[in-house]
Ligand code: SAH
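Shown here is one chain on its own, the form predicted on its own, set out as structure tokens.
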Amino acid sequence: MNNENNKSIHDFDFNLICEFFSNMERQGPGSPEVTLQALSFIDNLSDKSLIADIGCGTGGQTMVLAQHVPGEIIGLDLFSDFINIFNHNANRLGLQDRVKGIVGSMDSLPFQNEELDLIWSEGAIYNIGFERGLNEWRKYLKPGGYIAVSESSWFTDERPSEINDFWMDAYPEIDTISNQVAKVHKAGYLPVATFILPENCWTEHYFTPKIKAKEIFLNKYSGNKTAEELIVSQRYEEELYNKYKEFYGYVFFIAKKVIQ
């Protein structure tokens, strides 16, 4: 195993990473079917509801939500190019009157306390940390409001050292599903549903679209060593998943803010 393979996504320039992923509908594992499955556990949404999709990326999942729920949706992401694509997609689908993307940080959300009916975040809460995100975002939810996030999680208490070391370097906060549910409860939510994302969320909806994204990216950055190393790291991530997918994956956690 060479040193290039050992690089995690966090070893690369943020803007370069975002440029690569801007060529994909989704920036992490997921699917329209899974978005709707998570949504099926959430009730009481109306045309007065305010929903925030935090770390929305280009809005693949946001547009699915918008086509199946009433109310206003605000997508927030740190990378302006993602938001430009997000708003273009909203306009293309005729959703611009109630779906808007804004540039912002999940460290400091631009919402009032108890303003939101639903917080959504697919594959993005890791940027702030699962436990920190649950705790800091809770204040923005109305009493009885929902949070729905997908997060990388261990399926077993023990796993081979190669995959364990990879994740400990990339995201040390990764934890088992039972421990994650306990964190949800401790943060002041009632856990409503938890389910593992099926394998096609990785293969069909994440790795396959990456093929075209890699081609576009390498054509633009031909001969650029850093860009080539980023692609090597992406291929290594796919190899690890195919080798160790019984030990980890993404899990959706849906919970309701407990009224105190």
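The model shown is predicted, which means the values in this text are computed figures rather than measured ones. All residue numbers are counted from 1 along the displayed sequence.
The form predicted in complex with ligand SAH exists for this protein as well; it is not shown, and the discussion that follows is about that form.
Across the options 228 to 236, 49 to 57, 187 to 195, 215 to 223, residues that bring heavy atoms within 4.5 Å of ligand SAH in the predicted complex belong to 49 to 57.
Contact annotation for the candidate site: S22, V64 and N89 all lie away from ligand SAH in the predicted complex (no heavy atom within 4.5 Å). Residue in contact with ligand SAH in the predicted complex (any heavy atom within 4.5 Å), chosen from N135, N127, T176, N164: N127. Interface residue among S105, Q96, Q112, T156, judged by heavy atoms within 4.5 Å of ligand SAH in the predicted complex: S105. When ligand SAH is considered in the predicted complex, F79 lines it closely, a heavy atom lying within 4.5 Å.
The shortest heavy atom separation between G101 and ligand SAH in the predicted complex exceeds 4.5 Å. For the chain shown alone, G145 is not a contact residue for ligand SAH in the predicted complex, no non-hydrogen atom being within 4.5 angstroms. Residues from 24 to 42 that approach ligand SAH in the predicted complex with a non-hydrogen atom closer than or equal to 4.5 Å are R26, Q27, G28, in the order they occur in the chain.
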